[in-house]
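One chain comes next, on its own, written out as structure tokens in the form predicted alone.
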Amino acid sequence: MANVDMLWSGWGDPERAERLPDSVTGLLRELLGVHTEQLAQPVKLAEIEPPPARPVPGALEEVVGAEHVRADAETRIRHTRGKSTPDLLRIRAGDAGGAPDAVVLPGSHDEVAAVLARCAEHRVAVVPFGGGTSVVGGLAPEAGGFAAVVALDLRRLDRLVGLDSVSRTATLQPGLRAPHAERLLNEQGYTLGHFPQSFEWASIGGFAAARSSGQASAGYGRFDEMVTGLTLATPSGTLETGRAPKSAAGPDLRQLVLGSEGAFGVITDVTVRIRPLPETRVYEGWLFPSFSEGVTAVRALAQDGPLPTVLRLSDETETMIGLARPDELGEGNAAGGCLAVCGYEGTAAEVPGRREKARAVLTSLGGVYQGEEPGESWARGRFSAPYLRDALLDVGVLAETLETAGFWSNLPRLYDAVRLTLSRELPSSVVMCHVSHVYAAGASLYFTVVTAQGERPLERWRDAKAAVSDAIIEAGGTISHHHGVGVDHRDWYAREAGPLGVAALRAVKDRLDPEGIMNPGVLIPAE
């Protein structure tokens, strides 16, 4: 799978496309007023015509070889935008506007650096492309003032460069897809422990560039917490960071690169902390009477322990519909309550004790043990939700997600603000939520909304997303916990960072990327 392309018009492997159960389709008709007989079929790939390709510098072929500069229609289409619902609605309708003029595939750090230098010289915009999984416009630059746009596909940079078993670190190239990276580490007895929903298709470089957070972050940490060093190729030269795991030698430049989304340069290697492969993995379910009581329980574990490796809590609506167990959609808990999933990974000697102590806490706070089946069901379907999103599109449903994070004391306000805004902006919709990542001071909230596509679905979602982004900022949340900023969140990120913060980032970009060719319009607002 390492170098296989995703489905051009949807998520993942075409052979794994989901079909919704009849019970779910019937429920959608009843709740949302969906009428499948009115749907237009998606266009075929061969019918899409991207805009005429503008010429790119011939010097790029000299750098990477002619076979690694591609401008055929299919390659350009496959590198157009990302995998948000609006992205998919556009491409399924045959809209390939914004397709790169060429796709360049470098094979080394030196080739990346040389490509950036040539593109800066000729005013060609560059979009770093890893797994192509962005859902916030991270692959949709605003490049109107440039001579051309190239997608810099990093798939050839796909090696495990080195593994230090004494320090327990590994150096990985950015084009490694996560499953391939995990296999390489597993062969030597280690795991990265990073399993976001995009795991099967996302890349190591993308994890770093977007400041990713995996589903097992309670136990293994966020990706940015795993990074001990990295190398960044920029149009102005190379930035290398990480000569020690921690340092007091000034601000940590790693943190400047992590989350920079290709706006400063291209990450060409990442050194990460690794862990021994767990001897034991077990997942279980707990039911709480209400979301607020469930939040109190997961907060207790997050603050006072013992902390599971995986800790998630679905609200009443998500539990009822069954999205907490994606491989059993439509078979949720109709009796009410909120499902929590706890997962424990580690040594055979350590896991049982931690699990028993956590059980005592959860029971004391109103949790009812549901056995291992709900947890194992979640684990089986943990990467399937994007396929379900595609299946919903096929039957006329607009399904999209958004996420935020806040302090525990402010979480109820944030939860209510997002739910009420989505319900107001998208009448006759279903809004679901779960706590997806926990910390001592707070947690993230991950929302899913489903509504009939109806007429003008792109405009309706654009207006709703703007309103809910306003609500998040006004309610004291962050505009993104792990999806990133891209173009979609950029203006709200500017409000969160403040004018001086944006000016500081712009100064960094001006120094590293003086011609402004790196992912223009992404992350940093124009002056």
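Please read all numbers here as calculations on a predicted model, not as lab measurements. The first residue of the sequence shown is number 1, and the count goes up from there.
Form predicted in complex with a further copy of the same chain: not shown, discussed below.
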To test your reading of this chain, name the stretch in 50-58, 25-33, 457-465, 497-505 whose heavy atoms come within 4.5 Å of a further copy of the same chain in the predicted bound form.
497-505
Does at least one non-hydrogen atom of S290 fall within 4.5 angstroms of a further copy of the same chain in the predicted bound form?
no
a further copy of the same chain contact in the predicted bound form: Y387, any heavy atom under 4.5 Å:
no
Is L230 near a further copy of the same chain? Define near as a heavy atom within 4.5 Å, in the predicted bound form.
no
Any chance G406 has a heavy atom within 4.5 Å of a further copy of the same chain in the predicted bound form?
yes
Looking at E400, E261, E111, D269, which is the one with a non-hydrogen atom within 4.5 Å of a further copy of the same chain in the predicted bound form?
E261
So which of D416, E279, D72, D164 reaches within 4.5 angstroms of a further copy of the same chain in the predicted bound form, heavy atom to heavy atom?
D164
Complete contact of K246, R299 and V485 with a further copy of the same chain in the predicted bound form (any heavy atom, 4.5 Å)
yes
Between 474-496 and a further copy of the same chain in the predicted bound form, list the residues on our side with a heavy atom within 4.5 Å.
G476, G477, T478, I479, S480, H481, H482, H483, G484, V485, Y493, E496
